[in-house]
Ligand SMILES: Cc1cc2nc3c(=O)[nH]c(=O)nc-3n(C[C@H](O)[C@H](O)[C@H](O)COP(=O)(O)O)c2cc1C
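First comes one chain, alone, set out as structure tokens in the form predicted on its own.
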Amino acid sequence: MRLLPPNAAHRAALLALKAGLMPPAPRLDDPVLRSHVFGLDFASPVGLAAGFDKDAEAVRALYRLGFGFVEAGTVTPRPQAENPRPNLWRLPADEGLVNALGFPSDGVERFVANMRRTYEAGPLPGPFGANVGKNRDTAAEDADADYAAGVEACAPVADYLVVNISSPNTPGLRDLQAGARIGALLDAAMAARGRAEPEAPPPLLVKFAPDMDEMALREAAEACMAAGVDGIVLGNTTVDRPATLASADVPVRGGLSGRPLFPRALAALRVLARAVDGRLPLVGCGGIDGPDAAYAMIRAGASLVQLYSALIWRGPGLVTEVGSGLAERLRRDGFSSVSGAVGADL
């Protein structure tokens, strides 16, 4: 796959999954990995982050790689094209990636139709999450309506929902993370969820950026708890370019992910975990490339972890490696479950 340009490789990987060309991984069935988070049961805390399967095309095949849960998207209310190319760059010397894709999406109608076809083959083996965003040509003052539309459409086909307000590639999106602004947006999203599924509304989470400073993270956490959301995903890509990057010609625009992101994501997660103080479950995401990084996220306060960019460098076998490695580390340190290790380093 790495012989192809990055955009072509991404598409080829999706097509290979849909065609059943990737062999299934051994299914992890270890009691120490099981957990119950925001009302859902997870056989493994290792999930796929949003960004790979943007339109929910290959969801069932992704579980066969060993993921305990899969998150698709980000999906926008109306179809929109990716940002002009080049918009995706590999950083091989750092095992990193820079993307400036900007929520390419076939739109929420296609996303929901894809998921309804997926369910025709039976229930999925783990929770499924729908990650929703706004269209880039929607004005900031109208963003609430976009998020409400995405939540309302996706609630019937998702086990949980994620409001993504942290991508750096949609102009003005990160401004929605401010404490003064986020309250109204979350109220609109919560109301839309209730309209769609009044009897059993799926958990609703918010995805924040790792670039927020301590005060901003604390204010955002308070806003989430005040709105009654069910959890937080931390984080997204970073606009920072660490001095430690070894790759040449690192693009200035776009969000950095992969191994160079991990220290920043872990530090931000620790701040957020102290801010919520056990009142909201957290999902750790950003630069996880092996069991040690996943375990560090859990000990820093994450109940679940997600990965994506590391698959480019390590291959799909990484999913089983992280899950089995987590089980070994939990038992080594005397934990009988993932939940026992959550926040152990705080």
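Residue indices: 1-based, along the sequence shown. Just so it is clear, the structure is predicted and the values come from calculations on it, not from any experiment.
Below, we turn to the form predicted together with this ligand, even though it does not appear here.
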Exercise for review: Indicate whether this ligand has at least one heavy atom within 4.5 Å of a heavy atom of residue 128 in the predicted bound form.
Suggested key: no
Exercise for review: Although this ligand is absent from this view, report whether residue 50 comes within 4.5 Å of it in the predicted bound form, heavy atoms only.
Suggested key: yes
Review point. Just to confirm, residue 77 within 4.5 Å of this ligand in the predicted bound form by heavy atoms?
Key: no
Review point. Taking heavy atoms and a 4.5 Å cut-off, does residue 45 contact this ligand in the predicted bound form?
Key: no
Revision key, fill the gap. Which of 119 to 127, 240 to 248, 93 to 101, 186 to 194 lies within 4.5 Å of this ligand in the predicted bound form, heavy atoms considered? The stretch 93 to 101
Review point. Mind listing which residues of 142 to 163 have a heavy atom within 4.5 Å of this ligand in the predicted bound form?
Key: none
